[in-house]
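This document starts with one chain, in the form predicted alone, laid out as structure tokens.
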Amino acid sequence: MIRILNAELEKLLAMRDPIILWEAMRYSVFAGGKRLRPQLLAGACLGLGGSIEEALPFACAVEMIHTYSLIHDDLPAMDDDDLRRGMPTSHKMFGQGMAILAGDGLLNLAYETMLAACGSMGDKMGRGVKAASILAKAAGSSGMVAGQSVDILSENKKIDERTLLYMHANKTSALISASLEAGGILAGCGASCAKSLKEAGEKLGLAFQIRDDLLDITETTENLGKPANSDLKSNKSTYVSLFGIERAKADYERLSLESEEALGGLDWKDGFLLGLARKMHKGVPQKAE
């Protein structure tokens, strides 16, 4: 699956003028990463009877959206990180201005890609429009951007459980959940199935964020590929700082299992997506260093 996704991303991000902009866009997209969100989207589509051809444009779009958010998240005005996936961040390589534009370029190319796909879907165009709308909402001011806004506003403050869960639900879970839901919509799944995918994605996304919070305090910079203890240094509230390590571990395990159970209740044509969900549930570090 990753090979297919990368081949399509290569086509979509083929070099053109201005060269430096496209170099910056390609740099972050091809700097590594597990392609988690596009795999979830494609896996949901294929597993529920759709085709890879229907899924690919939207899967690539969600990866471009995710990458744009990382570029902007690393900027000095946001998290001010120097490393991402073990490599210098975009603004360290290309400067802040070009990094901002690379993120803007990826976000807009994602929408261009989905709209072009919708135009070639014939009588299935409605599915494409709905899937694109789900992804756009999850990425915007009702989703990821909203979560990032609360993240910025919460720096150097003690926040309550409601605020933390809102931040995580929008900053992290929204796009993961939308990837699953959009994949199902592209395959033609009904309202009940789409709801189950969305809810499973919300649990999976929160579990993913809790694991990230745990790893931030237990792993080294070398293992993470980005600065360790960055949340602590930035005085940010996390699941671990608010609830402690033991509850974070317990909630991670519970949410991971609940998401797998929710997905397991659907009528899958193959086991790729279920296998991917189980792979995400790797367990958590046993002690903080």
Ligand code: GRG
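Note that the structure is predicted; figures quoted are calculated from it, not measured. Residue indices: 1-based, along the sequence shown.
Below, we refer to the form predicted in complex with geranylgeranyl diphosphate, which is not included among the displayed structures.
When geranylgeranyl diphosphate is considered in the predicted bound form, only one residue from 26, 247, 254, 34 comes within 4.5 Å through any heavy atom, namely 34.
This chain lacks the partner; the member of 121, 87, 145, 115 within 4.5 angstroms of geranylgeranyl diphosphate in the predicted bound form by a non-hydrogen atom is 145. Residue contact with geranylgeranyl diphosphate in the predicted bound form: residue 209 places a heavy atom within 4.5 Å of it. Contact check for residue 70: a non-hydrogen atom falls within 4.5 Å of geranylgeranyl diphosphate in the predicted bound form. In the predicted bound form, at least one heavy atom of residue 172 sits within 4.5 Å of geranylgeranyl diphosphate. Taking non-hydrogen atoms only, residue 78 approaches geranylgeranyl diphosphate to within 4.5 angstroms in the predicted bound form. Contact with geranylgeranyl diphosphate, judged by heavy atoms within 4.5 Å in the predicted bound form, is confined among 190-198, 164-172, 91-99, 128-136 to 164-172.
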